[in-house]
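Starting off, we have a lone chain in the form predicted alone, written out as structure tokens.
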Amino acid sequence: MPKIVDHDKQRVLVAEAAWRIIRRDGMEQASVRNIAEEAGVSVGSMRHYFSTQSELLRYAMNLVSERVSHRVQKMSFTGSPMDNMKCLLLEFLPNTEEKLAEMEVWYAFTARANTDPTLKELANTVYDELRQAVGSVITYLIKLDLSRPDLDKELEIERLYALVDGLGIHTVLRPDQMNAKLMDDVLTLHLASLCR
């Protein structure tokens, strides 16, 4: 009897194998052959899931974004407005081992996107979505009349966007200096600085 394979599940397993290669050995080692070996599948069977290496990498990159989006969609905002805003922002930061792995892989893909147009389009879309989420925090502060009266909405969106992105980069590059508590404290202080 032929083996029944769940193609969607297999694509995720292959993408996760790509992540492990990228984290351990770098993006330049993320070849179809190396990923197939890591995933425990033949190079030939990889063609059933991805027709090109670029398609595989795009899928693996998109999987990072999908996982973050899924976590955000599952959130329940039952705390104070400030706690809710901070919790939303923390979902975009590598404050757990799982999210650190995702962010390390994300930044490797982002670097690769500079020379791969298919990845560039996806990277731009995801960064636009992050900016929109950050913008919603500033908009929420203003709408609830919690913000300082002199707050420049567009400037504060850019400042918070840069802060979130910077915290992520610092955590990936210097995990010995940046940790979950420090990220939380920085966000708490920054959000408080935006308020009356």
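Computed from a predicted model, the values in this text were never measured in an experiment. Residues carry their position along the shown sequence, with the first being 1.
Another form exists, predicted together with another copy of the chain; not displayed. Remarks below refer to it.
Asks: Although another copy of the chain is absent from this view, report whether Met178 comes within 4.5 Å of it in the predicted bound form, heavy atoms only.
Replies: Contact with another copy of the chain, yes.
Asks: Classify Tyr161 as contacting or not contacting another copy of the chain in the predicted bound form by the rule of any non-hydrogen atom within 4.5 angstroms, answering yes or no.
Replies: Because a heavy atom of Tyr161 falls inside 4.5 Å of another copy of the chain in the predicted bound form, the answer is yes.
Asks: May I ask you to state whether Phe92 is within 4.5 Å of another copy of the chain in the predicted bound form, using heavy atom distances?
Replies: Close contact is absent here: in the predicted bound form, Phe92 is far from another copy of the chain, nothing within 4.5 Å, heavy atoms only.
Asks: How about Met27 - does it come within 4.5 Å of another copy of the chain in the predicted bound form, if we only consider non-hydrogen atoms?
Replies: The answer is yes: Met27 has a heavy atom within 4.5 Å of another copy of the chain.
Asks: Please state whether every one of the three residues Glu66, Lys74 and Val137 places a non-hydrogen atom within 4.5 angstroms of another copy of the chain in the predicted bound form.
Replies: No, the candidate spot makes no contact with another copy of the chain.
Asks: Which residue, His48, Arg148, Lys143, Arg33, has a heavy atom that falls within 4.5 Å of another copy of the chain in the predicted bound form?
Replies: Selected option: Arg148.
Asks: Judged by heavy atom distances of 4.5 Å or less, which residues of 153-175 approach another copy of the chain in the predicted bound form?
Replies: Result: Leu155, Glu156, Glu158, Arg159, Tyr161, Ala162, Leu163, Asp165, Gly166, Leu167, Ile169, His170, Val172, Leu173, Arg174.
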